[in-house]
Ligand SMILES: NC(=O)c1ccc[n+]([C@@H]2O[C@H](COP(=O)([O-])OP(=O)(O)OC[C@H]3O[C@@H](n4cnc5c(N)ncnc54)[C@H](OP(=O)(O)O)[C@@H]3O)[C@@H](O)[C@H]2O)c1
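Only one chain is shown below, in structure tokens, and it's the form predicted alone.
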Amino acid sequence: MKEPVKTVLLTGGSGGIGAATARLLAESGMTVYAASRSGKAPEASSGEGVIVPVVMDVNDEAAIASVVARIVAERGGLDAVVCNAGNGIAGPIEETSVEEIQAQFQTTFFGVVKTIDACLPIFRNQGRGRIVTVSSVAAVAPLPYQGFYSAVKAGILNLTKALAIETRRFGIQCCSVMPGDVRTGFTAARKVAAKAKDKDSPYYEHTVRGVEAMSKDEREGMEPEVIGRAILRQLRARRMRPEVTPTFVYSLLVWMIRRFPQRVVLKVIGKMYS
């Protein structure tokens, strides 16, 4: 790596994967601007390294532009952005309203696009920059009753890869990190589509079982620091990988999903979550 990463903008930085990543990057010597709607310092912050909490809603283009301008003014540039902010909604595809779908995509997908768009002119002018997006194993494993979450994470994954092709000539590198089940507050914060809560729904029992199974897997999942360390390794690497799936088990799972007959994959996933 010709220029070490010194200054990072991180979205969704107040809790979960974002907070763990902010702590690890700061402890490694990077200055991390940890952005969130609340502007709170990352939970369980050790006080080591430099973490600058900033108020920034990824749905607000003016707020993003203001934070990026502040970073450049204070630090003389920006080396990397980590797009981690997101939310989740559960429910059958048929019973999820357009408004609920839009809320899922607004923050988790378009928030990534808006944040990246604000950073790209800085990176191009510098002739370097790193972009890390947080996708999910759900991008390749279509989750029943979280179909729109899978769709948005697949969109992030492919957006990042397309961006890597487009921006390579400007010295910009892109990587999408794909976590599996992680133990964070995301599980409790996940919303359920309003119609799916109706016990008369033809999907009700399967939705409840599916979401409970997913929630159990998440509560028993890996610590968010595992994802934070994967992001740190990519920011330190001479050349980032286009795609990273932390842990051998999940890497193997992604490999199998992509190579096994899809009817077999769908049948297995259906048995797990229906």
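Since the structure is predicted, the reported quantities are computational estimates derived from the model, not experimental observations. Counting begins at 1, following the sequence as shown.
Keep in mind the form predicted together with this ligand is missing from the figure; the text below concerns it.
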Residue within 4.5 Å of this ligand in the predicted bound form by heavy atom, from Leu157, Ala193, Ile71, Ala85, is Ala85
Given 194 to 202, 161 to 169, 135 to 143, 72 to 80, the stretch touching this ligand in the predicted bound form at heavy atoms within 4.5 Å is 135 to 143
Contact of Arg37 with this ligand in the predicted bound form (heavy atom, 4.5 Å): yes
Can any non-hydrogen atom of Gln173 be found within 4.5 angstroms of this ligand in the predicted bound form? no
Mark Thr96 yes when one of its heavy atoms lies within 4.5 Å of a heavy atom of this ligand in the predicted bound form, and no otherwise.
no
Ser66: touches this ligand in the predicted bound form, heavy atom cutoff 4.5 angstroms: no
Verify the flagged residues Gly15, Asp181 and Glu218 against this ligand in the predicted bound form: is each one within 4.5 Å by a non-hydrogen atom? yes
Those residues of 53 to 85 with a non-hydrogen atom no more than 4.5 Å from this ligand in the predicted bound form are Met56, Asp57, Val58, Asn59, Asn84, Ala85
